[in-house]
Ligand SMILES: Cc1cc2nc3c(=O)[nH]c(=O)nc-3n(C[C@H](O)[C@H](O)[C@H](O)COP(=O)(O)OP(=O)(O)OC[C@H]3O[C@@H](n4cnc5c(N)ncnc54)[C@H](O)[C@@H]3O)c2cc1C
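Coming up is one lone chain in structure tokens, specifically the form predicted on its own.
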Amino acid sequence: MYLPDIELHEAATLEKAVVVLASYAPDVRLLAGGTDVLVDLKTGRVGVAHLVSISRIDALRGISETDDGLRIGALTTISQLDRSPLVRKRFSPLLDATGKMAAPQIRNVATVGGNIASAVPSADLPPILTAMNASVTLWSATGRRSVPLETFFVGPRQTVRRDDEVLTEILVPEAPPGFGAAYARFSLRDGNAIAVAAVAAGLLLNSNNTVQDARIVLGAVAPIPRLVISAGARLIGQPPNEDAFRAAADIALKAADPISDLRGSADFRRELVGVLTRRALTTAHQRAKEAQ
């Protein structure tokens, strides 16, 4: 596989990046780590004549604490997120995803923003970030807007980001006492394999140890990361036990809309959703109890 002829533009500022985007849209793509877009170009999945590299924009890097939680710059690599002491101490459910993604060489260059903005259905970060109520910031010359991650995706490789916008950061709110989250996935082999099916869960417990709120998000089994509201609602007011988790898992697997391919049949993936939902909820419950 070879890259087609492409003109590369390097942008040192956000202002420059959006000018180039506007000049060549829609025949242009942003380039960060390149682990998705370059493969798409080589395989012919997408074809554009222009790439805008944003790798020199330092403002898009870094992990920091905010008044409300955690800020992750879009150019932060998966490895940097995985090694962050702040993430490990206070936002550790993210590590369920970062520790399973690709090989170390890929994690060293792949960016958090790219994993989200590419909108690949099997991406690992969107489900757990959605379960943790994360949002993204989209910047353009006319201003910035915040978009909850659960409404960011509209289809496979399609998002609400406009042609003149750049995803600049991901914001994860501070978890309240009694909240726990977890991510469970199945792949055909460790290390390099993408998810065949995945589920993220977030649980908020009341002081009487019943469920106050619950979020169950499916990955790799629908066109977009799917927040199954009915599955979470089934848990509210219930004691978080095996029976409740099984009932929620039954709803979640029925909400899955997987395809059949070389990695597994649609029926196999649905069964995985049931297993992974119970697994994610069990781990999220344990973490929620520890956070009370």
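Quick note: we count residues from 1 along the sequence shown, nothing fancier. The structure presented is a predicted model; accordingly, all values stated were derived computationally and were not measured.
FYI, the form predicted together with the ligand isn't displayed, but the following is about it.
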Stretch in contact in the model of the complex with the ligand, which is absent here, among 97 to 105, 198 to 206, 84 to 92, 213 to 221 (heavy atoms within 4.5 Å): 97 to 105
Residue within 4.5 Å of the ligand in the model of the complex by heavy atom, from Leu30, Leu253, Val228, Leu70, is Leu30
Please check if Ala193 has a heavy atom lying within 4.5 Å of any heavy atom of the ligand in the model of the complex. yes
Give a yes or no for Gly180: in the model of the complex, does one of its heavy atoms lie within 4.5 Å of a heavy atom belonging to the ligand? no
Val37 versus the ligand, in the model of the complex: is there a non-hydrogen atom within 4.5 Å? yes
Contact test in the model of the complex: Ala110 vs the ligand, heavy atoms, 4.5 Å: yes
Near the ligand in the model of the complex, with a heavy atom at 4.5 Å or closer, the residues from 57 to 77 are Ala74
